[in-house]
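As a starting point, one isolated chain is supplied in structure tokens, in the form predicted on its own.
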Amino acid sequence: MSASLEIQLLAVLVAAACALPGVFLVLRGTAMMADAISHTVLLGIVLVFFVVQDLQSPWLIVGAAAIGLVTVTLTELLQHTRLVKQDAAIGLVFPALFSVAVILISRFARGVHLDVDAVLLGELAFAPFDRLIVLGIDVPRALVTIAVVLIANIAFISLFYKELKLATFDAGLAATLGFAPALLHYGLMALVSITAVGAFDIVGVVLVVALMVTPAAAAYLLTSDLRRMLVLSVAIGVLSALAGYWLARLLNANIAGAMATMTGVIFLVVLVLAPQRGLLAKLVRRRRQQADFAATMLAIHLLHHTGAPTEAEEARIDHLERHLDWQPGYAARVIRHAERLGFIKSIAGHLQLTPTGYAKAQEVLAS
């Protein structure tokens, strides 16, 4: 397998691994916890490294996951004091833990391949150079690591899908049914920590956060079904990863940065064009509601004058511009829309209510 294909495969696996837990973070309103954990896991890695003196040790993941849970616990303890809100608690905890890690690296690990720049930005292009033999096949070490993380994420979500779904949307009901939402919460945060430490050495913290939050947020705009949201989140993450790789090749730029950029671009496209929740759909819906309201007001106006001596005058099309203070162009649009709705019909410059328009006007007045 060529280096180019290996890099793209790594990018795809990282995107999928990050997108899955990211869905639950977005739905729970704790998306910024991904940012906090992605930074503070560095402290766990540093502390464990000082003990084992091996950057390839699996104990690094254990230490990182532990510090991730410490981050969550400290944040929630601060939040439960009711003196600070969640966003402020996150802003207090993770800079403190991350800065401790930075100090320890700069003071005691200067000669070790463990630096802040690599953690923040990563370099996906270098991942294929660190290799090992698995079942007689020579593959990048990072590929094995992130594949294991992805399998763990899929297994956890598959095993506890029902419990996670219930705890995410109604933690109170989940507790009543004995599903232990607090335990599920910490299990999910441990999964986020493991995903972060498995991915940040490949692509860096910035992209880990982007891949956890942005695809899930875009998927949320496209569907209300959790299963579809999980699938769409992974698909958007994978598309962002591949598009980012080719953008980086085109611009000769950092791959992780290009991938993060593409997550933002795809999110903006979804934000504008999403069928139900997109900005364009909301604009069209708002204008349709305004047109429906104007057509209803026209029907009510005609109803008020039905059978009255002024009926012939009030039903004239040119009279609407004076009586309702409508501009000629706007009045013409309202009349056309009311005709499409079946509220009125136009006869020789006069408007007449249809049975549908009469019933609609009566319904609104009765309410």
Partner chain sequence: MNPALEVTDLTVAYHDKPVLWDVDVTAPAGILMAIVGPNGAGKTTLMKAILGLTPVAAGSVRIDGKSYTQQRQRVGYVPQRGSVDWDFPTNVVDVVTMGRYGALGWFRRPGRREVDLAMHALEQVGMHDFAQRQISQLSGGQQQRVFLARAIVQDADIYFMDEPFQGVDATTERTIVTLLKQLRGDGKTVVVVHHDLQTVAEYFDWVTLLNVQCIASGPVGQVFTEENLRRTYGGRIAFVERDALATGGMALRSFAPAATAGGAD
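Residue numbers count along the first chain shown, from 1. Between two forms, the rigid core is the largest collection of C-alphas that superpose within 1.5 Å. Since this is a predicted model, take the numbers as computed values, not measurements.
There is another form of the same protein, the form predicted together with its partner chain; it is not shown, and what comes next is about it.
In the predicted bound form, its partner chain sits within 4.5 Å of a heavy atom of residue 326.
Mapping the unseen interface onto this chain, residue 228 falls outside it, with no heavy atom inside 4.5 Å of its partner chain in the predicted bound form.
In the predicted bound form, at least one heavy atom of residue 365 sits within 4.5 Å of its partner chain.
Among residues of the shown chain, residue 296 is one whose heavy atoms approach its partner chain to within 4.5 Å in the predicted bound form. Stretch-level contact analysis of 231-239, 283-291, 189-197, 130-138 against its partner chain in the predicted bound form, using heavy atoms and a 4.5 Å limit, identifies 283-291.
Contact with its partner chain in the predicted bound form, defined as a heavy atom within 4.5 Å, holds for exactly one of 317, 47, 300, 66, namely 300. Using a 4.5 Å cut-off on any heavy atom, the residues of 71-105 that reach its partner chain in the predicted bound form are, in sequence order, 82, 85. Here residue 326 counts as shifted, since its C-alpha moves by at least 2 Å between this form and the one not shown after the core is aligned. Core-aligned CA deviation for residue 297 between this form and the one not shown: 2 Å or greater.
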